[in-house]
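Taking the form predicted on its own, here's one chain by itself in structure tokens.
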């Protein structure tokens, strides 16, 4: 683990990560596998998923299991969760990570694009949680970590529907924490800032944007996906057993 924390409570825990093939999800899958948790991750990027599994095995982590799933298809999502529970017996941790921050202006938003953006950024988080709750209730424990963003706090521009979804995730986290707390299921939220994923580097991270990031952050360096994953590990572990209903910013001090 390169000197980073080891959480004994995560060993052999069944962890489900959405959007786990690339970016923050990829780092999260790798981090849990390094803790010897049993990870099942959902994505539609078969090639990236295969390469991730190879890297994890090469590093000595517990081999994760990949499920191809379009999270916008709720029936498919529910079916995959049922497969995971049948295979591993339960789900201990759910990381609702998947999202898409494709740029769009107010004028470009149509009723269909609104629905599509909400489907990929918000809707699946609720229905994934709903799908794992019965197994968590049977186990008498569970941890759900929802991925939001600082984009709604800044607020970001050129992504109005995405920002709306990310704000809604914070509210959803708070109500679900109270809905499920009686079953010892904890629900928390992570709000990353400008994280240097391969997608960000490929599409958005110009020298001008990098300069803006470093100007606004208190820490004058870029934040890596692995740093977000370490926060997720903590919130999933028994070390955070009294923490629920919270949203944690990890952005180098931007907000």
Ligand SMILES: NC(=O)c1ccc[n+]([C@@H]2O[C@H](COP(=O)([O-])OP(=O)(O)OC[C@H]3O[C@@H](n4cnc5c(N)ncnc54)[C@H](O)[C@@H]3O)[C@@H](O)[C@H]2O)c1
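Just so you know, these numbers come straight off a predicted model, no measurement behind them. Positions refer to the first chain, counted from 1.
One more form of this protein, predicted together with the ligand, exists but is not displayed; see below.
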Spell out, yes or no, whether the shortest heavy atom distance between residue 197 and the ligand in the predicted bound form is within 4.5 Å. yes
Contact between residue 36 and the ligand in the predicted bound form at 4.5 Å, heavy atoms? no
Taking heavy atoms only, is residue 70 within 4.5 angstroms of the ligand in the predicted bound form? yes
Given that the partner is absent here, does residue 162 sit within 4.5 Å of the ligand in the predicted bound form, heavy atoms only? yes
If contact means a heavy atom within 4.5 Å, which one of 127 to 135, 97 to 105, 83 to 91, 181 to 189 is the stretch that engages the ligand in the predicted bound form? 97 to 105
In sequence order, which positions of 136 to 158 have a non-hydrogen atom within 4.5 Å of the ligand in the predicted bound form? 147, 148, 149
